[in-house]
Each structure stands twice: as structure tokens, then as C-alpha cells.
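Next up is one chain by itself, shown in C-alpha cells, the form predicted alone.
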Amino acid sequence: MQLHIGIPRAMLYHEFGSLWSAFFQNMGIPVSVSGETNKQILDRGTLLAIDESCLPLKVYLGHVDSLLSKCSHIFVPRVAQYHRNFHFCAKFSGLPDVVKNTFRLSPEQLIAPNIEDKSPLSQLQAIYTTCQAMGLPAVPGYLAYRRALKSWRADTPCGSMPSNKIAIIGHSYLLKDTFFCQEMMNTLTSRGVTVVTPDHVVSKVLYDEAKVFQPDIYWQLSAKIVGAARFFCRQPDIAGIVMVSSFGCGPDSLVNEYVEHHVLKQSTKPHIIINIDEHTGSAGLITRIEAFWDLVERRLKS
């Protein structure tokens, strides 16, 4: 079967997806990224996952399932760390095993390089593992990766932030998933509100903000959330803060409480925390966002 790489549009795809896609494209290998999350993908993932799985993992499995019929390989890297002071949640380390066992894939069907950290050695080993799984030489792979990395870094947010008004904070795999958050953002923008997210802030600023909470904040993506909350709470043009998290997320269940008591309640900004799961309907979500904005608007006029 001809090489054809499938990349699920979920979880860390929303952090590194353009880098991974560019790497395979630079190698001249066809790549398919699964489509936007929809009800069918969510339902399929929910059916495949065990009950205790968090919502992002259920969505991820739905995306993998949508790729299996057309791809020779599924790319599921095992990422442990990409910032020296924080680590990714354990579910990211176990992801290749979860995918392999859920779909009973052979080792040949799964490309799962181990990325311990962002050191050159770890990246070289990941490239070697990936090329070996595809039966390709490592040197062209390294050169393809270097080109992909250069363009990916050039796409990193420059830090310019639009003036005004509501900050929405959460994991990138929730905020960038149109199925879960697009309606929420559309509701605000239709009322003339400008929405800002952690993507509008340089990652280094977010991690520096989060250092204040070390060692309490251990997970890398949680650090970005708490860093964003602290940063946005100090910005005078941010009128309110919405935190979005998913039901069943272990780190969120702890970090949300921490952020609410140590950051949000210490500021004067109106805030709301929204937990979503596979049963969350858009109507209820829109109602809560509209009510929150009404509150913020009254605060601004008073």
C-alpha cells in the first residue's frame, strides 16, 4: 500500500499540527488531516472510548477512526515535554498505546515517535524513528524537518493583541475546535465584542506568568492557561474572562479551582467557567455566554 499519512485534527494537533503536516509534505508524502469535529466524529469517539476518558480523548479517537479507511499510517507522536519547566498531561504519553489497542492496529500502521523534550537530540531521535517507520532515509527527513520547523516558528503569534474586550481561556484543542467553541465566539463577535485567546500572547510571556505558581502548576498546557489568566487579569482593556474546560479532564479539575481562587477572584474582572462534555448543547452554551456578556456590559456602563 502506498504511503499516506493520517493526522487526527485533535489534541496536540492544535499546537503542532502545521509543523507535522509540513514535515511530511516536505518529504513528498501525501498527508490527510481529519476534518473539523462534528457530531458523527464525537459520537464515534464516545462509543470507542472507555467511560472514564476525558472529552478530548473521545474526540481524538473519533478523528482517528475517520482516517483509517484512507490512510496507510496514522501519526500519533508520544510527547512528554516541550517546555523545560512543565510536562504534558499523562494522557499524551499514553496516546499511541490507547490508539493502538482501541483499533487493534499493527505496529506498522502506527507512527509513534517518542518526543521527550525539545532538545536537538530528542528531535533527531523522533525524526529517525519516523523515517524508519516509513522505510525512508533519515538525512532527507532531518532536512525536511528543519524546513518545517523554520516555517512553523515564523507562524508563531507575534504578540500583538487587538484592543478590547473578552478573553477566552482554555486548552487549544477546545478553543480551536469549531464544534465546541465556534458558536461561543460567534455569539460574542455578533455583539461587537472582540475575542482574544492565549494565542494572542507570546508563549514565553504565558510561561513566565505561570512561573509564579510553580511547583503547584505542573502540566504544560495548564501552565499556559494559568499564565493567560494572570496576564489577562492585568490588562485594562479586557472586560471579562471566560474559562473553557472539558468534563473528565484530571488537570482541569484541579487547575480550574486553583485559577479561580488564586487569580480570577483576586481581580475585579467578571469571569465565568464553562465545562463542556459530549452532551453539551449549543443553545445552552449560547444562553450562558449571552447572559455573561449582559453582565459585563452592565458593569462597563455603571
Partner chain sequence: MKVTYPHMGYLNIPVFNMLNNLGMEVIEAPPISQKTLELGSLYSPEGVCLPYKINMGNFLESIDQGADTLITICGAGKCRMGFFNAVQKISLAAKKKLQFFTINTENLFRDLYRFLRQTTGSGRLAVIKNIAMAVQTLKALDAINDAKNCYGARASAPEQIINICDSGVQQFAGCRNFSDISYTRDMVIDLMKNVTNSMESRPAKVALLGEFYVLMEPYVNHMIENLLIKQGIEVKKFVSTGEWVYSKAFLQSLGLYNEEKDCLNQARPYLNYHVGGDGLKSVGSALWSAQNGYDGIIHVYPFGCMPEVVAQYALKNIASDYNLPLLSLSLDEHSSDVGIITRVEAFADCIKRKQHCKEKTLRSLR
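Positions refer to the first chain, counted from 1. The model shown is predicted, which means the values in this text are computed figures rather than measured ones.
What comes next is about the form predicted together with its partner chain, which does not appear here.
- Three-residue candidate spot N38, E183 and Q220; no residue lies within 4.5 angstroms of its partner chain in the model of the complex by any non-hydrogen atom.
- Contact annotation: of the candidates S203, T178, S72, N114, the single residue with a non-hydrogen atom within 4.5 angstroms of its partner chain in the model of the complex is N114.
- Only one segment in the set 23-31, 230-238, 64-72, 244-252 has residues whose heavy atoms sit within 4.5 Å of its partner chain in the model of the complex; it is 244-252.
- Looking at L57, you'd find a heavy atom of it within 4.5 angstroms of its partner chain in the model of the complex.
- Its partner chain in the model of the complex comes within 4.5 Å of no heavy atom belonging to R191.
- In the model of the complex, none of the heavy atoms of L121 sits within 4.5 Å of a heavy atom of its partner chain.
- Contact check for V139: every heavy atom lies farther than 4.5 Å from its partner chain in the model of the complex.
- Shown here without its partner chain, the chain has E52, S53, L57, L61, R78 in 52-84 lying with a heavy atom within 4.5 Å of that partner in the model of the complex.
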